[in-house]
Every structure is written in C-alpha cells, then in structure tokens.
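Next up: just one chain, as structure tokens, the form predicted alone.
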Amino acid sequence: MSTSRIRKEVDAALLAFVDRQRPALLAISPDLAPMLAALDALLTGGKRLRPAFCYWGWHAAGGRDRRDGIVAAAASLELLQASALIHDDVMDSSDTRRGQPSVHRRFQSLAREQDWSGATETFGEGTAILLGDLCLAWSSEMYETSGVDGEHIARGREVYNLMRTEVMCGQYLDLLEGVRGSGTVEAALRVVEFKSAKYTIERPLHLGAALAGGTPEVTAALREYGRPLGIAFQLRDDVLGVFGDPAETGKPAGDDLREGKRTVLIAQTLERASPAQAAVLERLLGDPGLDRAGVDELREIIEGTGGLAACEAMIDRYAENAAKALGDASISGESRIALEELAVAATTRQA
C-alpha cells in the first residue's frame, strides 16, 4: 500500500472519529460548535508523518496480515499532535498555524466579533488549552477503541504513554532554554530529541512495531533509523522556521525569530558569531515586533557566520546515519521502500 493511500485512510479515520464525538458535544451545548470548527480546521492540514511512520513500523514488524484497526490507531497520533500544536502556539504566542489563525487567536477574534464583555485574550488562551486537553483525551480514546486486538493494544500502550511523557518534558526544556538562553548546541539538541525527534519518528515507529508484536531486534533497528532521522527532521524544520516560504510553512517568514526559539541553528550561529554579531542577534531574537528588515538582518548573520551551513551539514550527517541504519537492518520489500521515501520527505522539504 502506498504512503499516499495511508494518508487518505488516516484522513478518513480522523473525520469519522470526530464525527462520532460531535453529537455528544453539541448535546451539551450548541456553544461548543466553534470548538469543533476550530478542530476541524486544524485537522485538515498536516503531512500525517506520525501515522505514516507508525503504519510502516507496524508493517516492517510483520503486522501486514492483521490490518484491523491499525489505521485508526496510527491516526490517533494526529489528535496527540493537534494537542501539542494548540498548546505550543499558546506558549509561543503564535499568530498562525498551517496558514490560518492559531486556535487561541481564533477565539480571541470570536470574542471581539461578538462584542463580549470579558477579557478576550484570556478567553482565547483558555479555550485553546481546553481544546488541546480534549484532543489529548481523544487521542487516547481513539487509540484504545481502534479495533486492534487487546494484546497488541496493551503492548503499544507502554510506548504511547512514554511518548506523551517525553513530548511534555521536551516542551518544558524548550521553554527553559527560551528563558535561560544558554545558547549551546548540546542544550538545543536535547530539546530537539525530546520535543520533536522521538515524538515525530522514533516513537511512532516503536508504536507500530509494538502493535504488530514485533521482535526486540526489529524495534532496535527502527530505533537506529528513527532517532537520527527525527533529529534531521527537526533541524530542517528549524531552518524552515527562519528561511522557509510562508506558503510552505504556514507561518510568516522569520516567525521562529520573533518567538525567540533557541534552536540548533541559533546555537551554531552564536558559536561562530563575532561579539558585535552576537549582540545584534541577542537584541533582535525574540522581539515580537521584528519587521522584515530585522528578519533579513538576522538571516544575514546566520548565513554569514556559517551557522546555516553548519546546521545543513548536521542534517546531512543525521540523514546519512538514518539511511545507513536502514540499509543495515533486516527490513525489506515494501516497508524498506516506504521508509526510504519517508526519510526523503522528512529531511528535504523546500525552503
């Protein structure tokens, strides 16, 4: 089965799950309709990478003969992702997500349009937190009711629980670096690993393998492939956050600079910057009012110091390590081809 077919099936499973939940929410109150609309809008976007890695981890581990429920179980990761994105946008004060207003901004606008008397900012942020919590609860419900047999659901539950713990810890480390500003590559890589790399690729692969009843050897092989690929994926995302096309990223150009993200790209730049360049970077990074001229100035510093080239070299190195691990693994046929294609999709997105 092709990866594009998996994506279509994941889309259908998500739509069906949310549609099953819809009557219960609207029975509580019609006032919940805007929350469902916000979730519908968010779920229409995304590359579905996590479900894809979960599915092909399952396939590689020998689950291809017991397909019942695997797509729904994999699709539940999109609800977990929705929860993380909604909360992340609140913490980063992001205005947009996937080319549309972030959830908290959407509800702030709703309150202003309705001329409600309360604090619109608090309402928007509170609603986003609640919708993110609802997505987190629904991710577990969708997983548990996916239709995968109980023995394999139980095996996967341990991975699912660990993944959720790791991403929350990674998010805290990201916040910590933002306020502490240590600026080291080592600290930034620790955030990359736990906030994104494991959660995006390594753990979904492990979840799929667990759902298939995979052997420890297959799980280890998927780890050797997934961990470096996950790091390369996030490093590419960091580059796109500064140099990416808004039409591709769904966010304004240089948004990561306005948010003050202490990424590996920034750490590599600071390691190579002159005192004057470092002073400019520290002054402008995290300025929510940073204009196009300021973005261009920071881009010039990042390129001129060699920070961008160093980050690109890291992406290439981690991607090569992932390719080598997959080449050495006893994974063959359709699974290998799909994992090779996913590695390219994860690391060569256009700037």
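This structure is a prediction, so every number in the text was calculated from the model and none was measured. All residue numbers refer to positions in the sequence shown, first residue = 1.
A second form of this protein, the form predicted in complex with a further copy of the same chain, is not displayed here; the remarks below concern that form.
Mapping the unseen interface onto this chain, residue 220 falls outside it, with no heavy atom inside 4.5 Å of a further copy of the same chain in the predicted bound form.
Mapping the unseen interface onto this chain, residue 138 counts among the residues with a heavy atom inside 4.5 Å of a further copy of the same chain in the predicted bound form.
Looking at residue 133, you'd find a heavy atom of it within 4.5 angstroms of a further copy of the same chain in the predicted bound form. Mapping the unseen interface onto this chain, residue 194 counts among the residues with a heavy atom inside 4.5 Å of a further copy of the same chain in the predicted bound form. Looking at a further copy of the same chain in the predicted bound form, residues 95, 100 and 270 place no heavy atom within 4.5 Å of it. Looking at 204 to 212, 234 to 242, 120 to 128, 270 to 278, the stretch with residues near a further copy of the same chain in the predicted bound form, meaning non-hydrogen atoms within 4.5 angstroms, turns out to be 120 to 128. Note on the partner interface in the predicted bound form: the residue among 227, 261, 155, 87 having a heavy atom within 4.5 angstroms of a further copy of the same chain is 87.
Interface residues of 21 to 41, taken as those with a heavy atom within 4.5 Å of a further copy of the same chain in the predicted bound form (partner not displayed): 21, 25, 28, 29, 31, 32, 34, 35, in sequence order.
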